[in-house]
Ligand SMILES: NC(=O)c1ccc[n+]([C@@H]2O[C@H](COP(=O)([O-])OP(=O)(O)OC[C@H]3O[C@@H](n4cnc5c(N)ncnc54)[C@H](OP(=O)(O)O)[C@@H]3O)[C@@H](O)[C@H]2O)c1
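As structure tokens, one chain now follows by itself in the form predicted on its own.
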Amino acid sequence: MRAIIHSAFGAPRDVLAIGDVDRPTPGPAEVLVRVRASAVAKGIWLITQGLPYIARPAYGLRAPKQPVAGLAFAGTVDAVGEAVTDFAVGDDVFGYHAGALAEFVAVPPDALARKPDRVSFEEAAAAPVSGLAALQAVRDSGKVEEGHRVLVIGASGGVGSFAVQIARAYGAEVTGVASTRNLALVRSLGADHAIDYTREDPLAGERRYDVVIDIAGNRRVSRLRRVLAPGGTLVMVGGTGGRWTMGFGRTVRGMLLSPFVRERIVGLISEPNPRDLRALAVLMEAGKLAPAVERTVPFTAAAEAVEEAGSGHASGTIVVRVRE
């Protein structure tokens, strides 16, 4: 079968290429999915580069442990192991698993949920990784409730576009921060207010928020705390910085400070699980969550799509069309 082979750590154009690998055979407790679409996001770009260096034990010290790229996908069940009872051949599903940029992927049932009829395969593929991170940032780390004022910094990216919609679904008043070209997208996601960070400092002024969700940012914790209401919560989702930690140091410093200040400071480590996959499916089926797909690209353009996903100027999610 065709797959995007990850041969070494480096720039996606140099280390990702289409190749042929054996089609996986599902074990007794696995589901074989014929992949229709696979989303690419900054997380895949980081894995391709082998960044941050502190994550190399998970990715591979000198070479990638996982020879096939990709994490999130949507497709149709092609076969099931004898111990699988939750899914059947022909079911349309979406989920997460290493090696998702391939024509087939074998996964445990806990990594899958049924695709809502109202969303396309491309839209569903965008949800498993970025959507899960956003759901956990809003619901678990931020503890967003109806009436909360929420600031989402990085609102137009993969995680941010989900966070805006999920916070709105929870009844919050949402302000999204993005660049000029992405303000229309942020408004279309349901944000009550949109701030162009190229023209206005979102941390200036007198407005205060119950929850601030900072996605892949590098602003100082002290500045982010300034716009929190008393007892408010700062949620840091990733970050930017040096190649060793990519902002992880800022997150750790903030969490160590948290017990000594009046605000809660939380660093999100997303944990994929079937319950939250199903929660995303329910929100999508209800029309409260519409994955923002910037565009779809052919399988032959996967490396370029990963390169662009790492640029930091995303407008939603780029999705690779694995098969029609």
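Please read all numbers here as calculations on a predicted model, not as lab measurements. One-based numbering along the sequence shown.
A second form of this protein, the form predicted together with the ligand, is not displayed here; the remarks below concern that form.
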Note: exactly one of V93, V84, A216, V119 sits with a heavy atom within 4.5 Å of the ligand in the predicted complex, namely A216
Partner-free chain; cross-checking the ligand in the predicted complex, the single residue of A58, A29, I269, A286 with a heavy atom within 4.5 Å is I269
_I'd like to know if A305 sits close to the ligand in the predicted complex, meaning any non-hydrogen atom pair within 4.5 angstroms._
no
| Is S179 close enough to the ligand in the predicted complex to count, meaning some heavy atom within 4.5 Å? | yes
* To do: Tell me, yes or no, whether L46 is in contact with the ligand in the predicted complex, where a contact means a heavy atom of each within 4.5 Å.
  => yes
Is G232 close enough to touch the ligand in the predicted complex, meaning at least one heavy atom pair within 4.5 Å? no
Per contact check vs the ligand in the predicted complex (non-hydrogen atom within 4.5 angstroms), the hit among 102-110, 180-188, 73-81, 139-147 is 180-188
4.5 Å heavy atom contact with the ligand in the predicted complex for all of A133, G239 and A314: yes
Checked 135-167 against the ligand in the predicted complex; residues with a heavy atom within 4.5 Å, sequence order, are I153, G154, S156, G157, G158, V159, G160
